[in-house]
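Take a look at this single chain, the form predicted on its own, given in structure tokens.
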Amino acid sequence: MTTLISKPEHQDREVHRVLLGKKQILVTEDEPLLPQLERAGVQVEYQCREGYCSSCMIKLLWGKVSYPVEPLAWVNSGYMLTCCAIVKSDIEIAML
């Protein structure tokens, strides 16, 4: 299994694992998932980065995310918008 760290780990930050296939990426709750995936070298399609278009929607297989501001785009059950979702637990995702 490959482990990628998208941000330096700090003891005062909550760090969660994101599983994507055989990759494991460590992320924090400091910002949405999209920029953290990008820093880890994972390409995600996006358009608006604001929760309006749903271009960045991916499958959330398990785990918890939250939205500081409810996105305007429709989010199907079992999916998430990477541009505005904050990871709140270890999660597993799948690209569409």
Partner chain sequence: MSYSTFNRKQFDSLQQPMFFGENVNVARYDQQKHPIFEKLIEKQLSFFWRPEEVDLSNDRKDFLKLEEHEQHIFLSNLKYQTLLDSVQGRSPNVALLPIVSLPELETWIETWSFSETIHSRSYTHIIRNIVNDPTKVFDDIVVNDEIAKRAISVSKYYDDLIELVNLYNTLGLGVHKVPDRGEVVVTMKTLKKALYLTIASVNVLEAIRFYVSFACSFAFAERTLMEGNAKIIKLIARDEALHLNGTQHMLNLMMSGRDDPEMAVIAQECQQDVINIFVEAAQQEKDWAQYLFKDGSMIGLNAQILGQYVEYITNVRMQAIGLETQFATKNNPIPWINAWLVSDNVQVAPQEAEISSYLVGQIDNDLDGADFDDFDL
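Source: prediction; values computed, not measured. Positions refer to the first chain, counted from 1.
Unshown form predicted together with the partner chain; subsequent notes refer to it.
- Interface membership of Ile86, defined by any non-hydrogen atom within 4.5 Å of the partner chain in the predicted complex, is ruled out.
- Among heavy atoms of Tyr67, none comes within 4.5 Å of the partner chain in the predicted complex.
- At a distance threshold of 4.5 angstroms between non-hydrogen atoms, Ser77 is out of contact with the partner chain in the predicted complex.
- When the partner chain is considered in the predicted complex, Gly63 lies well away from it, no heavy atom lying within 4.5 Å.
- Although the partner chain is not shown here, in the predicted complex the stretch 17 to 32 places heavy atoms of Arg17, Leu19, Gly21, Lys22, Lys23, Gln24, Leu26, Thr28, Asp30 within 4.5 Å of it, in sequence order.
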